[in-house]
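Quick setup: one chain, the form predicted on its own, written in structure tokens, and binding and motion questions come after.
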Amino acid sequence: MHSTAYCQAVEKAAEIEVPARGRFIRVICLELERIQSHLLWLGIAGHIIGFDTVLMQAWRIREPVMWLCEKITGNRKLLGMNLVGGVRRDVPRGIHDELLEVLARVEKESTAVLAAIAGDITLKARCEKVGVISPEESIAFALLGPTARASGISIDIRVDHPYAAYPELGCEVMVEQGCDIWSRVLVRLRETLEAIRLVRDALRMMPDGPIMADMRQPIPPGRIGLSSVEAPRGETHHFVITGEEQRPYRWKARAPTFQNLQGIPVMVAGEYIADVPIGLGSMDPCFSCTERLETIDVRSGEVRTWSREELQALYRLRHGLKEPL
């Protein structure tokens, strides 16, 4: 998701048009990432509430998806497919039937899990009307992804600002009105099935042609590019200013967790302590995406941010190094 957002930002800045086949391959990789991420989340959510059968079943279904990723890209998780201008590898038609066969099996088993979970009285009682975030609160805190869609907010970058091959494939936005943990479960389960549909259609509709744009011309410096991608947790946004020698001059990424965490106070207010872990887990947070560095002097209250040079100097001092890194 992040590499797609970054590459698209650079491509917009440099006015690079990615070939159609490359755009379809990007969608295949993006949606496979969504499938495995949602199934991983479902298993962890089941484990949090002590329902390890969900953990075992979700991760069993997820494993063939990881195999698909490895089959297409050579990697299970960090796919390494995106390049500025297109993708690194093709998805040859000779393996399409094999990929579709695995997808059909994953879809059948995911549908069965969805039916079982939706009809589980105990699980529903544990999650329904718990961790509520109203539509008004969701808008006020600018929440993203499944967290917002589970509160009745129809927001999805794939539809609102289509990219890659989504204009050709279309995408159904999965929205629930319950505003609670249960609705966040249902949104992700429905999105998993829609992602399988998107991969299948992308394989069927993918045109012939090159997978990379002509990159012989250098990327001009001083250009600005913006790109948003609908990651499994919500909108991922990248900002780029191109620099000299084919390098970025400025680059900033905003992950969805940083925004979604703003909704935690209203979600946990008045809830039992035992419901806080699954409430937090229902947002599928990635805390490493929220790391920022500042120091606060507890005596004076002064807040200070640190430059790269200052951090390097502290590192050299701590480790007794004399030469710059």
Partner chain sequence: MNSYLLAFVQILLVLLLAPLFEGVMRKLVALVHSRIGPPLHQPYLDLLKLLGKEELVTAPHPLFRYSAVLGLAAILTTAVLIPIGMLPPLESAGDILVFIYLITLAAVMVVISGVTSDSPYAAIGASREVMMLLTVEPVILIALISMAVKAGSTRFGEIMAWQAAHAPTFSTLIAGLTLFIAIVAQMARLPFDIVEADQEIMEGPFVEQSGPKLALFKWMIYAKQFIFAAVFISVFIPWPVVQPAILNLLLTLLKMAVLLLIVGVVHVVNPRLRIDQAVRFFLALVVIEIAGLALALVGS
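Numbering follows the first chain given and starts at 1. The model shown is predicted, which means the values in this text are computed figures rather than measured ones.
As for the form predicted in complex with the partner chain, it is not shown, yet the points below apply to it.
> Would P64 count as touching the partner chain in the predicted bound form under a 4.5 Å heavy atom rule?
It does not: once the partner chain is placed as it appears in the predicted bound form, P64 has no heavy atom within 4.5 Å of it.
> Please run the contact check for D90 against the partner chain in the predicted bound form: heavy atoms, 4.5 angstroms, yes or no?
Output for D90 is no: heavy atoms all beyond 4.5 Å of the partner chain.
> Does the partner chain get within 4.5 angstroms of any non-hydrogen atom of A269 in the predicted bound form?
Answer no; every heavy atom of A269 is more than 4.5 Å from the partner chain in the predicted bound form.
> Should T53 be classed as touching the partner chain in the predicted bound form when contacts are defined as heavy atoms within 4.5 Å?
T53: yes, in contact with the partner chain in the predicted bound form.
> Since the chain is shown here on its own, which stretch among 220-228, 125-133, 141-149, 190-198 would lie within 4.5 Å of the partner chain in the predicted bound form, judged by heavy atoms?
Looking at the other structure, the answer is 125-133.
> Between 36-50 and the partner chain in the predicted bound form, list the residues on our side with a heavy atom within 4.5 Å.
Counting only heavy atoms within 4.5 Å of the partner chain in the predicted bound form, the contacting residues of 36-50 are H47, I48, I49, G50.
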